[in-house]
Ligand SMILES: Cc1cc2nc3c(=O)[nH]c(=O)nc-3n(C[C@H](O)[C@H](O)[C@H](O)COP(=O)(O)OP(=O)(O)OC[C@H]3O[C@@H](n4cnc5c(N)ncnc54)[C@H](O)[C@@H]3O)c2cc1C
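Given next, in structure tokens, is a single chain: the form predicted on its own.
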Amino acid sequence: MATELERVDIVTVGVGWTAGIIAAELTKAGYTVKGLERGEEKTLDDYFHQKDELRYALRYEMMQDLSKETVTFRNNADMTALPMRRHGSFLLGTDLGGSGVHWNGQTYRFLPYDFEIRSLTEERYGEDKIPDYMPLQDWGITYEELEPYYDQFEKTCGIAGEENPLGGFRSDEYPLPPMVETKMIRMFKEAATNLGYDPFQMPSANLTDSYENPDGQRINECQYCAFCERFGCDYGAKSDPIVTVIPTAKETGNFEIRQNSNVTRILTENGEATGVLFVDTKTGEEFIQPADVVAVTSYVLNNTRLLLTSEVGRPYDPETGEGVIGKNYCYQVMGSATGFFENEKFNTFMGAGALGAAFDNFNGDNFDHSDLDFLHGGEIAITQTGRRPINNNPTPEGTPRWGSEFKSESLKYFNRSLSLRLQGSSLPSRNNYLDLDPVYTDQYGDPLLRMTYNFTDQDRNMAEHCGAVLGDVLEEMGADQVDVSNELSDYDIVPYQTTHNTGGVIMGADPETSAVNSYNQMWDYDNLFVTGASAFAHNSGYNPTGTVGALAYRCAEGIQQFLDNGGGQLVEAKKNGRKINM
């Protein structure tokens, strides 16, 4: 029988960026917060001297143990889903701070178009522009409403950057100036400008100077060591939850972290969440943590799975299009091109996770889609994240994949090649969704999450059109040979692509088509908040963490309003702009 613990004001499921923000803001306001983290508690000391590519980048030291919990995958509903037993297409974080510790630090804002995508698409192109299979919807919030929360997150992190000429309104400048402009970045900017585009320096959570954030946390200056993605920062120079919001919450004395605590159920009674049931992963003992507010703050896939196993909310049905939990699962559409230079060398072994430049001329609705067979688009960028010795072997097309010629060409082009990328949006399909697997279970006997996903015609057309620009830019940069990869086949869960999974518990104005309102408060349970990229109604052509952080600050504000004002829904439900009586 589970042991019931002392009641707290707020309990969070997982302790990463979103839980850290909620804990920092609510504990400063005097509320008690308990964070249940199923991994180990980590500090900066745990990441000293960890520049080991084999251990962290290739053997996934900081990632979720897939032998205990994973997902099953299939491309369509006619296939049998099988478990993912090795990390591949995306990397699931673990331990305190979650994926926020091993991220690159690229911290974008989504475009105003993203938040009103259905309304603005219909307004410019007409309703017929949106395919029948695409449940495209507005988010229930505008960019202007979310802008102050973007600003708050950027100041918490000390983001370094310069204004995007084609981005949304900014109420303030970035806290720090942009990162250095290296040779390859300068060449990219010059080429993009020559072609008529509008390049800007990538917004970076790798800091360009020592910085004290508004909560008094100090973050150090980046050393450009190139160990960001898949690594914790041993310089304390990459903003993450364990150097920003978590220490802020701890300093209040109102925040308790309980590690090795795996939440298996959200508990509900009479239409409200009463707390959570969790297992101590060291002893196997079960506990009940009662709380006035439950905040589900784990990764996209884990948020969705916990709601489904707890039977909270209406599961999505792809046959009818009804239900909301598991709906609008989206990923991202990647394209790339590599240019090989005979007479140029670049210091590609140096870098930082967000050292780079980009342009947005083919992102969002920044270009005319009237005669195109797709919507949205993607960011085109060059990054100097640092090439490490084991897993970076760029060679021109036609080179054998092994043997003496491969070795010779790898050595020749290690510092003589540059890669550009398209980071494309992912718009929803009625046939892409998350549900519970009927066969496979985790270590506790609960169903695994089943992912049904494939690229659509929209994705393929967008990648082909926007990806072609990558080759044009590399040719303008002077590359002697350019290899472009912009053709999509079926989605494959094996090769790494991006950890930018989104959707499953999406936000909106209408409870019939969304799970949470614009404060990430569930329509069905007033005291249950679910935040993170699971709330995205589609995925944009950017890295998602800036938007995750902004939504978490708005969620924290909503929780405080809920507690201060005695409960209730924070937003009136609407359908087609008209109020719904609930």
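Here the structure is a predicted model, which means the values were calculated and not measured. Don't overthink the numbering: it's just position in the shown sequence, from 1.
Just so it is clear, the following notes concern the form predicted together with the named molecule, a form of the same protein that is not shown.
**Q** Identify whether the named molecule in the predicted complex is within 4.5 Å of every residue in the set Leu111, Lys327 and Thr456, based on non-hydrogen atoms.
**A** Checked in the predicted complex: no contact with the named molecule for any of the three.
**Q** With the partner left out of view, is Ile10 within 4.5 angstroms of the named molecule in the predicted complex by any non-hydrogen atom?
**A** No, Ile10 stays farther than 4.5 Å from the named molecule in the predicted complex.
**Q** Would you check, heavy atoms only and a 4.5 Å threshold, whether Ala291 touches the named molecule in the predicted complex?
**A** No, Ala291 stays farther than 4.5 Å from the named molecule in the predicted complex.
**Q** According to a 4.5 angstroms non-hydrogen atom cut-off, is His376 in contact with the named molecule in the predicted complex?
**A** No.
**Q** Taking heavy atoms and a 4.5 Å cut-off, does Trp103 contact the named molecule in the predicted complex?
**A** Heavy-atom contact with the named molecule at 4.5 Å: present for Trp103.
**Q** Among Gly424, Gly98, Gly339, Gly356, which has any heavy atom within 4.5 Å of the named molecule in the predicted complex?
**A** Spelling it out, the residue with a heavy atom inside the cut-off is Gly98.
**Q** May I ask you to choose, among Glu409, Glu229, Asp435, Asp151, the residue with a heavy atom within 4.5 Å of the named molecule in the predicted complex?
**A** By the 4.5 Å criterion, the partner-contacting residue is Glu229.
**Q** Which is the contacting stretch out of 396-404, 314-322, 498-506, 134-142, given heavy atoms within 4.5 Å of the named molecule in the predicted complex?
**A** Heavy atoms within 4.5 Å of the named molecule in the predicted complex occur in 498-506.
**Q** Listed by sequence position, which residues of 23-41 have a non-hydrogen atom within 4.5 angstroms of the named molecule in the predicted complex?
**A** The stretch 23-41, when checked against the named molecule in the predicted complex, contributes Leu36, Glu37, Arg38 at the 4.5 Å heavy-atom cut-off.
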